[in-house]
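What follows is a single chain, given as structure tokens, in the form predicted on its own.
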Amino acid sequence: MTLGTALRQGQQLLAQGGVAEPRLTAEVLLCHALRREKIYLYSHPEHELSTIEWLHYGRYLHERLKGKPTQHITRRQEFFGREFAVSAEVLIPRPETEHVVERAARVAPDAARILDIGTGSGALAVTLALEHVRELAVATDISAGALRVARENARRHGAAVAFVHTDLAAGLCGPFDLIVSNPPYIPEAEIPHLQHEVRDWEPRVALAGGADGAEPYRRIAPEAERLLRPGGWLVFEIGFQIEAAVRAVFGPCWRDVETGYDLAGLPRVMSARYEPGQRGTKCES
């Protein structure tokens, strides 16, 4: 079977199975089976698949039709122009999370010390360490499995990140100039209604945000007050349905609370500056 025929058949199978973007998915899976770049598919359409290539491609198509995310099949996902390893133990990095990197660069361009709370694959910590940080990058996660993936991504990209196995920021000492976090923000009642690729394959600990989705934010904000230097910034990714609940976690210590929107016009990030004792307010530092 030639590449051209394999690609057409794969696209047809995926389309019949209701898989989104069947052409793109077939291309990715075929490239993975061949261990080739996408350009090879179109520059060598006459290439005859070997038995092992065909067996791999067929298995990948079968796995995708059963609901396994493409990224779990290929074990990689691009984020901010870099390829990151992923596994079933981490949330697959989404393009929307790149807004956190962009917002962090805007509000804290000179951050020398950063903390990523709940790092997962390490995409945020590694990207910020490589793009901006001059002194120290620290990343935490409650999952030992996630930290194994994150450490491998840091090693692969040559990023100097210190990883800590802890719940949120327990046991850490500051001060930090910038704290970022993409915490779980799906309300518990909505978990059963998620797409099955997400509900059945991605770690629940990275999805469930309590009754209203904002529970992790209520825990992180006091930790940020303990760990940020005065004038430091906290940048969250948020779910579009919990903007008001997240905004409510910022008490009198916080200034310049601002929401950022994604390309679809939905609330996606929120940033705030920590300023204890300003304007006559009282708050713990």
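Residue numbers here begin at 1 and follow the sequence given. Quick caveat: nothing in here was measured; it's all calculated off a predicted structure.
Separately, the form predicted in complex with a small molecule exists; it is not shown, and the next lines address it.
Participant: Spot the stretch among 128-136, 189-197, 165-173, 105-113 with residues whose non-hydrogen atoms come within 4.5 Å of the small molecule in the predicted complex.
Facilitator: Selected range: 165-173.
Participant: Which listed residue (219, 247, 36, 255) meets the criterion of a heavy atom within 4.5 Å of the small molecule in the predicted complex?
Facilitator: Spelling it out, the residue with a heavy atom inside the cut-off is 219.
Participant: Looking at 142, 88, 160, 211, which is the one with a non-hydrogen atom within 4.5 Å of the small molecule in the predicted complex?
Facilitator: Exactly one listed residue reaches within 4.5 Å, namely 142.
Participant: Going by a heavy atom distance of 4.5 Å, is residue 124 a contact of the small molecule in the predicted complex?
Facilitator: Contact with the small molecule, yes.
Participant: Is residue 153 a contact residue for the small molecule in the predicted complex, using a 4.5 Å heavy atom cut-off?
Facilitator: Although the small molecule is absent here, residue 153 would stay clear of it in the predicted complex, with no heavy atoms inside 4.5 Å.
Participant: Though only this chain appears here, would residue 77 touch the small molecule in the predicted complex if you measure heavy atom gaps against 4.5 Å?
Facilitator: Residue-level check for residue 77: no, no contact with the small molecule.
Participant: Report yes if any heavy atom of residue 101 sits within 4.5 Å of a heavy atom of the small molecule in the predicted complex; otherwise report no.
Facilitator: It does not: once the small molecule is placed as it appears in the predicted complex, residue 101 has no heavy atom within 4.5 Å of it.
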